[in-house]
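Before any questions on binding or motion, here is one chain by itself as C-alpha cells, the form predicted on its own.
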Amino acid sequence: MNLDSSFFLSLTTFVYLGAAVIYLFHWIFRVRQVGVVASLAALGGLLLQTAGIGLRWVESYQRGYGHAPLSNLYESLVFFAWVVILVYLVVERRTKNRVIGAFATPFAALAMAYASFSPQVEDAIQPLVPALKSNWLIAHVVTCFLGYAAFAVACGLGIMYLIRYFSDENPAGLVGTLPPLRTLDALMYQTLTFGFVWLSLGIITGAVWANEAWGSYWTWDPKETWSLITWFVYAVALHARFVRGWTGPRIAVLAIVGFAAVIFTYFGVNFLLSGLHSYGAQ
C-alpha cells in the first residue's frame, strides 16, 4: 500500500460521504450516539485530508515543482471541502447541534466526490502555469475559499430556515428537530458576515495579484466580473439586514441565491466563459 497524498485524499472522499450519510441518519432517527459517530467521522476525515494536503505539498517539492496544492481545479476542490468541514465543525461545536451537519457536510462530500471521480478533473501534480507563479497564490486562494466555505454553510442554514419557516407553527417530526428560527437566523448572519469579509479580502488580493501579473488591477475578465456580482449579492444581504432590518426568510433566500452565484463563479465561468482565468478549468 502506497501511503501517498492520493491515498489519503481518496480515503477522505469516502469518509466525508459516510459522514454526510450518518448525519442524515442522525437527523432522521434522532439517536445521539449516531450523531457522535458522524462528528467523529467528519473530524477524522478532516485530519486525513490535512495529512493528504500536506503530503501533496511535500510531493510537489519532491518532483521539483515546489508549490502549494492550490494550483488547479482538483486542488481547489480539495481545499474547498477541507474548509467547509472546518467551518462546519466550528459551528457544530458552538451550537451543540449536529442536525446542521446533514445540510452542511454534503457540500464537502460532493466536492471531494467530483474531484475524485469526474473525468474532467485532472488530479496529477503539475507545474504551475506562468500566471500562477506568484507569492499571492496562497493569500488569494485561501481568502476566497474561506469565503466560499462559509457561504456553503450559510446556504445549508438557509435551506434549513426555509424548511422550518414554511412548516406548521409547532412542527413535529423531522422539522421539529431543526434548530429554532431565531438560532438559524443568527447563524446565517454570522456565517454570511464571516464569508463576506474573506471574499472581500480575496477580491482585493486578486486585484493586487492581477496588477502584478497582467499590469492592471481590474480587467473585467469573466471571473472578476462574476466575483464582483457574487460580492454584491452578499453585500445586498448584509446591507438589507443592517439598514432595512431584513431577517428570516428573505436573508435565507439571499444566502441560497448567493451560493448559486458562488457556484457559477467557481465552475460556470471556468467551463462556459473564456478569459484570463481559463486555467482554472484544468
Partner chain sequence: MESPTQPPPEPAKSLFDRIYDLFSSLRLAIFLLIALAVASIIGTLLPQGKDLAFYGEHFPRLLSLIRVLDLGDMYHSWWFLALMGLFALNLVTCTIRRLPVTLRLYRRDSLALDPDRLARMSLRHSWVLHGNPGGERAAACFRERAGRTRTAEIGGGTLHLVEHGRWTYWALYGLHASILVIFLGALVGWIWGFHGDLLLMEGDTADSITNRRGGAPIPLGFQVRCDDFDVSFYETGAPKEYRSDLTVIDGGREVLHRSVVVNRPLTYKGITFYQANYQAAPEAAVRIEAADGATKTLVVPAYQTVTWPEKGISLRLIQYMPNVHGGAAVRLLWADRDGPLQGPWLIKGRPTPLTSGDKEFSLSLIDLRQRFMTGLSVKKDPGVWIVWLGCTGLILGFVVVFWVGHRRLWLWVGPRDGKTVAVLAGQTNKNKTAFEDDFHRIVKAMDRCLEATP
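Numbering follows the first chain given and starts at 1. Remember, predicted model here, so these are calculated numbers, not experimental data.
Just so you know, the form predicted in complex with the partner chain exists too; it's not on screen, but the next bit is about it.
Report whether all of L132, W209 and H239 sit within 4.5 Å of the partner chain in the predicted bound form, measuring from non-hydrogen atoms.
Every listed residue reaches the partner chain in the predicted bound form, so yes.
Out of L174, A139, I163, I204, which one falls within 4.5 Å of the partner chain in the predicted bound form, going by heavy atoms?
Checked against the cut-off, the match is I204.
Just to confirm, with a 4.5 Å cut-off on non-hydrogen atoms, which of I159, V197, L89, L181 contacts the partner chain in the predicted bound form?
Of the listed residues, the single hit is V197.
Is W27 a contact residue for the partner chain in the predicted bound form, using a 4.5 Å heavy atom cut-off?
Contact check for W27: no, nothing within 4.5 Å of the partner chain in the predicted bound form.
Taking the partner chain as it sits in the predicted bound form, is A213 near enough to touch it, meaning that at least one heavy atom pair lies within 4.5 angstroms?
Yes, A213 is a contact residue.
Considering non-hydrogen atoms and a 4.5 Å limit, does the partner chain approach V243 in the predicted bound form?
Residue-level check for V243: yes, a contact with the partner chain.
Evaluate L128 for contact with the partner chain in the predicted bound form, applying a 4.5 angstroms cut-off between non-hydrogen atoms, and reply yes or no.
The answer is yes: L128 has a heavy atom within 4.5 Å of the partner chain.
Which single stretch, out of 186-194, 103-111, 148-156, 77-85, brings residue heavy atoms within 4.5 Å of the partner chain in the predicted bound form?
Contact criterion met by 186-194 only.
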